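So this first bit is one chain, no partners, the form predicted on its own, shown in structure tokens.
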């Protein structure tokens, strides 16, 4: 059966559909063909993909169909259509990193997370558009909710592809706000795990704050993809990786939440603030205590640190990436975008002493945040100052998303709000290595929408 005509972006969760695969009422191949019909319909408008490998996707879907018929699926995500951010290596497709300097470049191997997805039976459709080197230079993807607006970045194609149902999940990355913000802008579920929770071997977004993120059509799909990756390839070397149950953690009502304004509060849209405040009012009616900077010393102490986190993050990234970008300039600076050239030039003079001081400051701020775990189940805030802004020359303001990146803790964006006709998420920020707890709280808060 062909995919129904869509007049607006519509998410297509996979786990809910897979429940009927065993009966044969639908098959992974049929589910994929619906995805490809949506690809044909939407891709000319939104430009979410750099390249695709549809013959391989169909062959993978056929193998998945046979496993489901035999009652032996490789995993709960066997047959799931997936997009891979084009900063992550794939054996069968180029990894161009949003840069003409890497046009056609192939490593001839899968990143660890990609190999894990293949082993779990996922069906990889293609490589999704990233901003240049997963930084700030846009590469033309459009927001499917309004083609004149940004989808966010740097995981722009991943978010756009999930928003219209081409992929049920897509891999992104985040070192500043590159998973949480586009998920919010495109009306998807976004998950940035604790730093080191998912193996990043083969990903070229590899600063110390970077994470492999997952943008999905449901909270259940988000967790399951993360779990299947961790179960097969773990986290980064020397770390335990993502920990938690084999399916999405059940809802758990939090006792206390901290409401964070962050450095983005003064620039947030009035409508976005109103949606968040209305949500807070509902949680209080439900019997949840909500602490703020105005009535809690620990929250106030953290809030006093948050204006520093964006510049501190850029400084850490600037030191960690300076050798790579120096080589890129030597190859052909004219092929680097102006935003990339400006950013790299700004931090080119950092010294090792500067970097060590920045790491020490980051550790101090992380300790301030960790102290909140004694009295709060999670923090909530906006993922962005509002809905996706008009224009394709910028990916939007990251101030709300960067705190979780600097802190190295899990964050989720739940598509609960709307701002001026565009999607807007609710951001849940958890505590280090307690990703499952963040999902449990998020699952419960979804009920208060």
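Small disclaimer: the values here were computed from a predicted structure and weren't measured. Positions refer to the first chain, counted from 1.
As for the form predicted in complex with another copy of the chain, it is not shown, yet the points below apply to it.
No residue of the trio 136, 262 and 289 has any heavy atom within 4.5 Å of another copy of the chain in the predicted complex.
Residues with any non-hydrogen atom within 4.5 angstroms of another copy of the chain in the predicted complex fall in just one of 217-225, 158-166, 359-367, 78-86: 359-367. Out of the listed residues 199, 173, 344, 194, 199 is the one that sits within 4.5 Å of another copy of the chain in the predicted complex by at least one heavy atom.
Of the residues 337, 234, 271, 73, just one reaches another copy of the chain in the predicted complex with a heavy atom at 4.5 Å or closer; this is 234. Mapping the unseen interface onto this chain, residue 282 falls outside it, with no heavy atom inside 4.5 Å of another copy of the chain in the predicted complex.
Contact annotation for residue 307: none of its heavy atoms lies within 4.5 Å of another copy of the chain in the predicted complex. Although the partner is absent here, residue 106 lies within 4.5 Å of another copy of the chain in the predicted complex, judged by heavy atoms. Residue contact with another copy of the chain in the predicted complex: residue 354 places no heavy atom within 4.5 Å of it. Taking another copy of the chain as positioned in the predicted complex, the residues of 232-255 that bring a heavy atom within 4.5 Å of it are, in sequence order, 232, 233, 234, 237, 238, 239, 240, 241, 242, 243.
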